[in-house]
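As structure tokens, one chain now follows by itself in the form predicted on its own.
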Amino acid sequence: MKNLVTASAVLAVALAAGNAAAEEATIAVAANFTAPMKIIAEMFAEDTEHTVVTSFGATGKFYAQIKNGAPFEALLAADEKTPKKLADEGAGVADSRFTYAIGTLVLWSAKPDLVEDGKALLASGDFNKLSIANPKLAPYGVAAVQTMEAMGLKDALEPKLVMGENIAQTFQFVDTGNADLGFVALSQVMQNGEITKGSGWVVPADMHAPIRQDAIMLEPGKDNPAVAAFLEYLKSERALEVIHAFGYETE
């Protein structure tokens, strides 16, 4: 990927990280953000003296783990509700919260020619299974349910649903052929502006609530300079380039 950031911008990020010795940040990351996060984490290590250790999973499960004392120092959630709740409950640093990405839902199949008109395909029922993320744990699952409701197809599609614990497992069900279709994150099937495999229909944004993904520093990380540096790095031009390449919008 082209490096569009200037040398001065890299220096500014490094200075923002402070002159402290290299530290390590432990960060919980929503599963939909796995691919861009891996790239951004590598760039962060190159551009600063700090490193990050990441865990990927469902936002709802991370919330439960954090409340039970898991030593995560920051959360990159798949929604805005969970970080706000953590801040309100005193588990997160309120003024550190910001929207790092706005997600896009896509109806996707590993079969190249299956998805042309997403609405028509869902209405026809001409497929075996439809995979969605568990809406009790994953915001992309909530968006999938809202989309089916907006089309008036939720009840008709219910018997065909295969539930993934998170968006990564949802994608896996479709990628392996256990489901013909799935509502997944566009970031899982897109890079540099193109769907890289299979076929897909990008769900219109007005069919579900916005998937605003917020980041927040957690209480265990408030004295770790690597945590503050990484959250600031997410707003940098270099990180934003990666985020946009995977189909996310930003503010």
Partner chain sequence: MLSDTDLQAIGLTLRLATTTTLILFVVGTPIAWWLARTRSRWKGPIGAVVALPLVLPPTVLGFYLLVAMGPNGPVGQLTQSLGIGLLPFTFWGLVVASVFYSFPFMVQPVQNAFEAMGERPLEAAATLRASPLDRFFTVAVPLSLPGFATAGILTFAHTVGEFGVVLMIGGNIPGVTRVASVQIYDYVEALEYGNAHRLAAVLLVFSFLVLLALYSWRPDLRKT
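Residue numbers count along the first chain shown, from 1. Worth saying up front: this structure is predicted, and the values here are computed from it rather than measured.
Form predicted in complex with its partner chain: not shown, discussed below.
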- request: Name the stretch: of 115 to 123, 149 to 157, 93 to 101, 166 to 174, exactly one has residues whose heavy atoms fall within 4.5 Å of its partner chain in the model of the complex.
  value: 166 to 174
- request: With heavy atoms only and a cut-off of 4.5 Å, decide whether residue 200 touches its partner chain in the model of the complex.
  value: no
- prompt: Should residue 179 be classed as touching its partner chain in the model of the complex when contacts are defined as heavy atoms within 4.5 Å?
  reply: yes
query: Is there a heavy atom of residue 161 lying 4.5 Å or less from a heavy atom of its partner chain in the model of the complex?
result: yes
- prompt: Is residue 64 one of the residues lying within 4.5 Å of its partner chain in the model of the complex, judged by heavy atom distances?
  reply: yes
message: Using a 4.5 Å cut-off on any heavy atom, which residues of 97 to 136 would contact its partner chain in the model of the complex?
response: 128, 129, 134, 136
